[in-house]
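Below, in structure tokens: the form predicted on its own, a single chain.
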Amino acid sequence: MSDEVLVGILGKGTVGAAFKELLEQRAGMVEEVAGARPKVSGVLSRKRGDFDELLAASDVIVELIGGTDPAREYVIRALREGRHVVTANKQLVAQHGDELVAAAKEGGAQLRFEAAVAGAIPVIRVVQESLGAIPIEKVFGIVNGTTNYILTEMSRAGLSYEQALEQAQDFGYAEADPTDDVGGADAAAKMAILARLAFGAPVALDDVSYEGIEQISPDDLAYAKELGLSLKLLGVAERVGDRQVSVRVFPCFLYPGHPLAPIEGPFNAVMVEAPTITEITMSGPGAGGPETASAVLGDVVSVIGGGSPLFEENSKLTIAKDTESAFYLHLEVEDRPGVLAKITEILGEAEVSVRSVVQRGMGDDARLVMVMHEVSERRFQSALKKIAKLRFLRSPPRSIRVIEEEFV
């Protein structure tokens, strides 16, 4: 590269504007660190500018328009023509990662996407570069700041899900249409990316099972406090045996000794586990204009400095269909003899071991809250279907996973 690196920006939204401002402010610092000075060659929005002209005038393309159309076409063209690409587009990388990597190899270009996963946390650089030679067993964490803020406020202030969501939207932590965030799809796309980086596993977005937080009630959080638990939406990518990986997103309870338990508000945190390092925890701000712009700038510095984090495939790994987890179970029941005995009988037949039971209320307000030890998820779900058919239940059962690790 020459002493000046021309950067073309795709997108003039919140992140695009924040990145342009940050790049111009920090150009001198980037030059000192990386040996070349970045300069904005142009900005393309959906309504203004010509991509061909911007591509011809740029060494690096920074894609911040979001979505997959026309982002996919622009990024693939740029890579094939030898332009390095930095993107914050998690859906693009999760859905078309193979195609992007092939285009980068064809054009001899770098592809960077740190900002696509966990805001300002440099988890991709840590997994791909700092820990690149270490066999990773598990990558998991809080990778969606919107849901973490909502769950924090439901627990802290006793708000309903709807109230906490409205508050998140008022503060700008949630979009007007929060479906991807609260339903788990946003976190699923991020975990698909992390799983491929950590394990080389051929994980497609469709391979990631995910649940959201829409069904979480204040009751669940109240009982969690009584049991000494906190509630988070977690993304988990882990090895299962020698030949399988499991990639999932789900709400779950954590015990106080877990490093992710105290992460509150719109913050993200990611943990990496490996035999040689035990565990590393990284935390920081999640999504937002300045935070995402900061991660994008870090990728631009990496591009100028050289090197390229690409997916390395391990075709021997397949997606696991069943894993083990502990569970919280909330049941609204009629207050009459034999209720608890029948429930424990069904659980026992499925080899589900009960860790603790809390019984509250009488008559029409009778409730059972149970926490199970780790068990095959298939066996637990099979037992849950049988429990759901019991006539003394006043509403469908609610279950939430529990992570038993405490790291103390």
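Residue positions are given as counts along the sequence shown, with the first one as 1. Keep in mind the model is a prediction, meaning the values are calculated, not measured.
The form predicted in complex with L-homoserine exists for this protein as well; it is not shown, and the discussion that follows is about that form.
**Message:** Counting any heavy atom within 4.5 Å as contact, can you tell me which stretch out of 319-327, 192-200, 136-144, 273-281 lines L-homoserine in the model of the complex?
**Reply:** Going by heavy atoms within 4.5 Å, the stretch is 136-144.
**Item:** One residue of Glu114, Glu153, Glu291, Asp181 in contact with L-homoserine, assessed in the model of the complex (non-hydrogen atom, 4.5 angstroms)
**Value:** When L-homoserine is considered in the model of the complex, the option within 4.5 Å is Asp181.
**Asked** Within 4.5 Å of L-homoserine in the model of the complex, heavy atoms considered, which of His84, Lys90, Arg248, Lys232?
**Response** The option sitting close enough to the partner is Lys90.
**Asked** Does at least one non-hydrogen atom of Tyr173 fall within 4.5 angstroms of L-homoserine in the model of the complex?
**Response** Heavy-atom contact with L-homoserine at 4.5 Å: present for Tyr173.
**Asked** Does L-homoserine get within 4.5 angstroms of any non-hydrogen atom of Gly212 in the model of the complex?
**Response** Answer no; every heavy atom of Gly212 is more than 4.5 Å from L-homoserine in the model of the complex.
**Prompt:** Does Asp299 make contact with L-homoserine in the model of the complex, using a 4.5 Å heavy atom cut-off?
**Reply:** Contact with L-homoserine, no.
**Asked** Do Gly286 and L-homoserine share at least one heavy atom pair within 4.5 Å in the model of the complex?
**Response** Output for Gly286 is yes: heavy atoms within 4.5 Å of L-homoserine.
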